[in-house]
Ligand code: TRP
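One chain comes next, on its own, written as structure tokens: the form predicted on its own.
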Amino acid sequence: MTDAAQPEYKGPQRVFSGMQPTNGLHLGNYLGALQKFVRLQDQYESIYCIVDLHAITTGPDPENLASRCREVAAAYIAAGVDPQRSTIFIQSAVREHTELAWLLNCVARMGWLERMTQFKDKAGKDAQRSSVGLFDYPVLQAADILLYKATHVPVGEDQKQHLELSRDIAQKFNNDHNAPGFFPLPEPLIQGPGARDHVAA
């Protein structure tokens, strides 16, 4: 859906990614995400988020969620993400994520979200009983990325479709508001094996 002829974004080259504080940390998180985050901070301005708002779509215990957020923050630093060179924060601490998500909900189209295969996989046969938050997850993900005008997002195979949606939303916003190049159309940085279920963006 995105148009390659759209005027280019002129801002800085910036990476955004996030990790959900759910299911505990494991070797796949390190191999699939953290070691790549460390390398990317040498190439780009880097913003790394602990995406607790995404995690609540599955209804985790609030107290447990807070401790897992701390675990992920510690894991970022232990893996080599340098707080002096990269930004590390908890998503819910920045209210603009939800504010922009609402604005982007008014740009995104139902048909776009209905095509998201990850929702179908997670909801299964019980889609009608799933939360609206789970359905709308990709729009919050687009807000995460576009809030910081990220130009690059590390993605695994399971997140490529969501990133394409972020690009579609960015382009429609730019077109609707006659603001060419206001939001960048974020490019994927394709990750290798193990890069699943951690990227928020």
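In this text, residue numbers run from 1 along the sequence as written. A quick note: this is a predicted structure, and the numbers were derived from the prediction, not measured.
Not on display, but discussed next: the form predicted together with the named molecule.
Checking 65 to 73, 167 to 175, 137 to 145, 38 to 46 against the named molecule in the model of the complex, the stretch whose residues place heavy atoms within 4.5 Å of it is 137 to 145. For the chain shown alone, V155 is a contact residue for the named molecule in the model of the complex, at least one non-hydrogen atom being within 4.5 angstroms. Of the heavy atoms in P184, none are within 4.5 Å of the named molecule in the model of the complex. Of all the residues from 42 to 57, those having a non-hydrogen atom no more than 4.5 Å from the named molecule in the model of the complex are V51, H54.
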